[in-house]
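The data below hold one chain only, encoded as structure tokens and taken in the form predicted alone.
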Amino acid sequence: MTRQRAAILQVLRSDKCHHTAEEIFDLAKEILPTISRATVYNNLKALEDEMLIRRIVTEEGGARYDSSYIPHGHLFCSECGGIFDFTIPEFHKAIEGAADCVVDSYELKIRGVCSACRKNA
């Protein structure tokens, strides 16, 4: 694995945020000051193709990146704009039973208000 790719993975795995490519570029520059924007974009695509990260398409059509390929859903907060992970135990088994299929992966997006925004309301 290249130093650039390792730096990008380090950025993504360092917190639970779902960063944009630009945010990843800015954070990766702190690790590797010579990394280029094109290198970050190319490596994000390669990491996605290798199934080491997931690309999450936002409501606005932009993309954010997730370092976890463990099956889970995302809550898109309509108040703060945050993206939060959640899991539903045995969700894929319920889908397999309902659809009479074998689930390889799933993408579940929920729109709502996160707990922090509900507390501040």
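So that there is no doubt, residue numbering starts at 1 and follows the sequence shown. Only a predicted model underlies this, so the values are computations on that prediction, with no experimental measurement involved.
If you look for the form predicted together with another copy of the chain, you will not find it shown, but the lines that follow are about it.
- Taking the partner from elsewhere, no residue among I31, I35 and G81 has a non-hydrogen atom within 4.5 angstroms of another copy of the chain in the predicted complex.
- Within 4.5 Å of any heavy atom of another copy of the chain in the predicted complex lies no heavy atom of S14.
- Contact annotation: L52 falls outside 4.5 Å of another copy of the chain in the predicted complex, judged by heavy atom distances.
- Using a 4.5 Å cutoff between non-hydrogen atoms, R118 counts as a contact of another copy of the chain in the predicted complex.
- In the predicted complex, another copy of the chain sits beyond 4.5 Å of every heavy atom of E90.
- Residues of 53 to 88 lying near another copy of the chain in the predicted complex, listed in sequence order, are R55, V57, T58, E59, E60, G61, L75, S78, F86, T87, I88, the criterion being any heavy atom within 4.5 Å.
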